[in-house]
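Here's a solo chain for you in structure tokens, the form predicted on its own.
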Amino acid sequence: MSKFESSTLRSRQLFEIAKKYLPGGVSYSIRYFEPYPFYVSKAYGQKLIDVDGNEYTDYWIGHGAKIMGHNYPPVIEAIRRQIELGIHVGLPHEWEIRLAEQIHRMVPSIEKVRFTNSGTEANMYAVRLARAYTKRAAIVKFEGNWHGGYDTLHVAVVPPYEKVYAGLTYGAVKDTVILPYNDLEAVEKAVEKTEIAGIIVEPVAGAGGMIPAEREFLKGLREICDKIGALLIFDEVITGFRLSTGGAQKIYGVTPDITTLGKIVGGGEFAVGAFGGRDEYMELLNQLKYRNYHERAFQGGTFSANMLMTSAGYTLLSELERRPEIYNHINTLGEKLRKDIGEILERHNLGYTTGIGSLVGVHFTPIKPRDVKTAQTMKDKEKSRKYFQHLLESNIIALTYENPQFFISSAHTINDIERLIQVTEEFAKNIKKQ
């Protein structure tokens, strides 16, 4: 029995019960890892406490939503105040205006914004808006880019890229054009053959392993969209407000037509999504201008822009805008982690690191991946699993089991990073002996 198993007996019991009522015992498949997931009882800062009393350093960090760590006091205090006043009313309120104004100030390309309940919804409505504006059907998406569970975009997430996932139809994805990431020439050839409504891209391919887009690739996409009259959509659900106050588009210096957001927008505490762009596009959602239901691009949701989410989101984004030292801290830690772990992996001929800012991906591949296909098709899954489990045995949790990644929060310290580097060095030495 491993150290993890011997110290997590209650988690094992809970997982056995969970399997009776939840498919696979979890509410999201990526939350499962062997031999079973631990069950959290408390979270604070960069730490998690499980039901057996074990403490972990958390780099999963709420799927990346917790840029300030768990239970960030200003956000928690805003939530406490708002609970006394109202949580969800289903009518307009001042917080939604304040959050929308804050997003516009931080991301100037977003002149108007609508709120949704998830990143999946945000991408779904962004695609619909692009199609409504251009009156075209085809959408370009890239191999290994994850845009949520919306049918049109839930394709080519993992190899084989041409295969349709269970429950989807080929009809649902017939207008989706799948192209390799960071390959501008492939995009140029594709748009010659098909009328494109929009191109959606992750500036950093998150689920694909934290693979950054090359600046010239994003600039080229911008130029192509301008040339053919298509809309460029940046999926910044992960990178929005994490790489900078203005997200990836500020770092890369490339302005999309539509931006989708999530995670951090809700204060890191609530289910949330958002999409926004120039007035010219967003006005298609305006019920005052388009009173005919069939002429208007639809967006809605019972819990969208609720008072609790928007008050928490406004509080956190205001903090991020006010405190630039936050980005200095998390980006410095991210750079050290990428550099030092990368050097360890390369020295032992095990793999490479990728990422940008506070995002770090670990790849057990023979070459450093610049596209997601390389990361996904050439990786040693067994080494990835063993690395994840070695971290777990050392009370460190990464995201995910077969695709180790690290999200760094402002709560993480240099000691946390040095400990993670040390544990990785131990793993590298041990795996080479096997």
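Here the structure is a predicted model, which means the values were calculated and not measured. Residues carry their position along the shown sequence, with the first being 1.
One more form of this protein, predicted together with a small molecule, exists but is not displayed; see below.
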Margin query: Taking the small molecule as it sits in the model of the complex, is G148 near enough to touch it, meaning that at least one heavy atom pair lies within 4.5 angstroms?
Written below: yes
Item checked: S118, heavy atom within 4.5 angstroms of the small molecule in the model of the complex -> yes
Notebook entry, point to check: Is there a heavy atom of V265 lying 4.5 Å or less from a heavy atom of the small molecule in the model of the complex?
Noted result: no
Item checked: I238, heavy atom within 4.5 angstroms of the small molecule in the model of the complex -> yes
Margin query: Is it true that E143, I211 and T365, all three, sit within 4.5 Å of the small molecule in the model of the complex, judged by heavy atoms?
Written below: no
Next item on the list: Would you kindly say which of L243, V272, L316, I199 lies with a heavy atom within 4.5 Å of the small molecule in the model of the complex?
Entry: V272
Notebook entry, point to check: Among 119-127, 354-362, 337-345, 278-286, which stretch has residues whose heavy atoms lie within 4.5 Å of the small molecule in the model of the complex?
Noted result: 119-127
